[in-house]
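The chain below stands alone and is given in structure tokens; this is the form predicted alone.
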């Protein structure tokens, strides 16, 4: 493989994988109050890698090389007496910064630190969108521009959101020692909800140019996997959430075509489904049954599971699970998805009134579903609803897909008119 291509491929990948872990370990020493110091050292480490590797090539063990550099930079920081004594030490009394000789990177410290950082970032006092933005930046190493793209927001808006969230993070008294059961129980729901929203942002991206953000999905799975390595967080609903992510991710390659357009479930190439992810989903779903609680993650994982099967009763099972999910936690998206399942059992015509009574006139998904359902009975109405959906969506790719569908329907309508005209001529 070309050396430059290898370098260009491996460094961004390592940054995604290791930057957040490195920052988490460093925060054990500096405390969240001085998280910027930890981030600076981590950033400097990757900067040195980009300079050194470009000239000398990639080391045999690039991950170990990064942690060695980070370790040395941290020791250099502590030796920098002037900075430490005059600018940092007066402000951090009682912050329990660990002395130089105890500083170490190993797999257990990395794992414990990463788990602690997840719980620190998912602070329930922050709004969900702030938790997600903070998670993307601190846990996943995303830039402000990438986060702004994910939220379809201006970078300045994201900067302000992050500033407020990081201020709360710094001011909070959160220790990076081994997490107690009490802290975990108090925050686990917020953690799971943040990871759930992070995954959804990737799987149903609102981005202006992509339908799916694979990197968000993979980061969500990675962070949720971290929770299964701890006895206090490896509980049924954690496994249910992980199962949901695996089942959904298994169909990612089939959900978009080569042009980046959404492919409807009925039209997906099942050969593109990732069987290994389906098997992992099954594994975690079985683990999720080791308890008495049924969470929304259990129900959604069950729905995702039945989507990966080829069973004559699959849509009845899916509809039943949606009925339970709506009772547990109603949302417009759940209601619309329920009607789609309803249409698979009772037909499009009976499903149309089910959609209309929801009256979600401000939702592009509402009009998209109506457009889909009217396709088999009234093409003009289908086109009308698709046009309304175009006016409501902010996604360029979604607009493109809907315009393409309108063009297809207009072509079908013209062909039908030609056939009807020919039939009438023959009768004369």
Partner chain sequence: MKEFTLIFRLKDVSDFKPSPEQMQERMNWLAGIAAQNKIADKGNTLLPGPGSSKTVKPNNVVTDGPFTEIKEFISGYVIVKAKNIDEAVEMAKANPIFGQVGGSIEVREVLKRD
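Keep in mind it's a predicted model, so treat the numbers as computed, not measured. Residue numbers count along the first chain shown, from 1.
Beyond the structure shown, there is the form predicted together with its partner chain, which is absent from this document and is the topic of what follows.
- Look up in the predicted complex whether residue 327 has a non-hydrogen atom within 4.5 angstroms of its partner chain, and give yes or no. Within the cut-off, so yes.
- Could you confirm whether residue 335 comes within 4.5 Å of its partner chain in the predicted complex, counting heavy atoms only? Flag for residue 335 set to yes.
- Determine whether any heavy atom of residue 320 comes within 4.5 Å of a heavy atom of its partner chain in the predicted complex, and answer yes or no. Contact with its partner chain, yes.
- Item | residue 188: touches its partner chain in the predicted complex, heavy atom cutoff 4.5 angstroms | Close contact is absent here: in the predicted complex, residue 188 is far from its partner chain, nothing within 4.5 Å, heavy atoms only.
- Message: Please identify the residue among 160, 80, 168, 357 with any heavy atom within 4.5 Å of its partner chain in the predicted complex.
- Response: None of the other options qualify; the answer is 357.
- Message: To test your reading of this chain, name the stretch in 141-149, 335-343, 259-267, 224-232 whose heavy atoms come within 4.5 Å of its partner chain in the predicted complex.
- Response: Answer to the contact question: 335-343.
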